[in-house]
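As structure tokens, one chain now follows by itself in the form predicted on its own.
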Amino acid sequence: MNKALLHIPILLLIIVPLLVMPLFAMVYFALEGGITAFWNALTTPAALFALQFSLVIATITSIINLFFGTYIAYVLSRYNFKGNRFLLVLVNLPVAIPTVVVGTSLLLLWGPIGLLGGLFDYHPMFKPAGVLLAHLFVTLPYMIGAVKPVLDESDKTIEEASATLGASSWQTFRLITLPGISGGLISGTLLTFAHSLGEFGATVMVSGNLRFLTQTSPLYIFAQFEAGNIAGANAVASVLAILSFILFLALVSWSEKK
């Protein structure tokens, strides 16, 4: 008898209650009133705004961190200098810090009574700019974590040969380094987008959860649950779950092709 078959019941006992049943419950309550009720709950102005706002913030976050994360990963991978390891720990710190703490720290810096926010007439908190700032802070390590290992494992001799032949640093990076790390760039962008799409803790602190202004999809779901609108909350939650599943499939498919 295949020993692997003995582990299947145990795996099911773990996976079904932890993963399958919660997702089933979400879909069940989302469709409890039928497809028409589901669609009506999903197409309310507030729900549509929250979904669109989340997609816009996640897209902008992914694009900005694609550049920031790649640059930081390149410097930390290609140059050895005093403090390199400390900087590596520092840029990955948002992963270890609770996101609510991240939101609190941003408020204390950029809020109306913050260290910097209190010095200017304009501050980004409780505005779309504040939400974007929080998402950039939270998701940056995912881009760095996807790109830096690829850079570490890449063959540096090709880059050195390119420089020897007279190519500039930018030409070497664009023509040699960038194509070699394309897998890490795609993985990092998908991870950044997915985490931004579902970010809650930091967002709720810096956004004020303002309808039609700063309310993302996770905040909308939370607000609808508090208001007792279970169907409305689960309709948007189902869309987020489907988007996350699609992103995960894309990431797995890309990894298998490499």
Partner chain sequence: MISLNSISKTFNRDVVLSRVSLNLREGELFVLLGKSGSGKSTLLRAIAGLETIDSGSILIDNKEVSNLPPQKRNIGMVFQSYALFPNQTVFQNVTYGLKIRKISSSIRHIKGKELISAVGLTGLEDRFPHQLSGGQRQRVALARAMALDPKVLLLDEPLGALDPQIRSEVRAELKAFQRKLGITTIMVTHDREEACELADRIGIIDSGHLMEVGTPEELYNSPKSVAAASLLGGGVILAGRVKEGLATFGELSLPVSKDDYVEGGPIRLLIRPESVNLEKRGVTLGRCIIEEETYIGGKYKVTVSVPSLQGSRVVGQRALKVDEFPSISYFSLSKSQESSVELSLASTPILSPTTLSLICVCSEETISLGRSITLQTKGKIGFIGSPLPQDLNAREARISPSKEDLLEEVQHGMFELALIPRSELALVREVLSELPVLMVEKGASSSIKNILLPTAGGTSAKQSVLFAGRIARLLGAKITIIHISREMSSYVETLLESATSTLRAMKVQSTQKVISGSTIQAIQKEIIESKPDLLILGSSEGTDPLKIPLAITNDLLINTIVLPRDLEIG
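Residue numbers count along the first chain shown, from 1. Note that the coordinates shown come from a computational prediction; the quantities given were computed from them, not determined experimentally.
The following text describes the form predicted together with its partner chain, which does not appear among the structures shown.
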{"property": "Interface membership of Pro179, its partner chain in the predicted complex, 4.5 Å heavy atom rule", "result": "yes"}
{"property": "4.5 Å heavy atom contact, Gly83 to its partner chain in the predicted complex", "result": "no"}
{"property": "Non-hydrogen atom contact Leu133 with its partner chain in the predicted complex at 4.5 angstroms", "result": "no"}
{"property": "Exercise: Thr104 in contact with its partner chain in the predicted complex, heavy atom 4.5 Å", "result": "no"}
{"property": "Non-hydrogen atom within 4.5 angstroms of its partner chain in the predicted complex for each of Glu32, Thr36 and Thr44", "result": "no"}
{"property": "Segment that reaches its partner chain in the predicted complex - one of 122-130, 69-77, 153-161, 96-104, heavy atoms within 4.5 Å", "result": "153-161"}
{"property": "Candidate from Leu109, Leu88, Ala167, Ile186 lying within 4.5 Å of its partner chain in the predicted complex - any heavy atom", "result": "Ala167"}
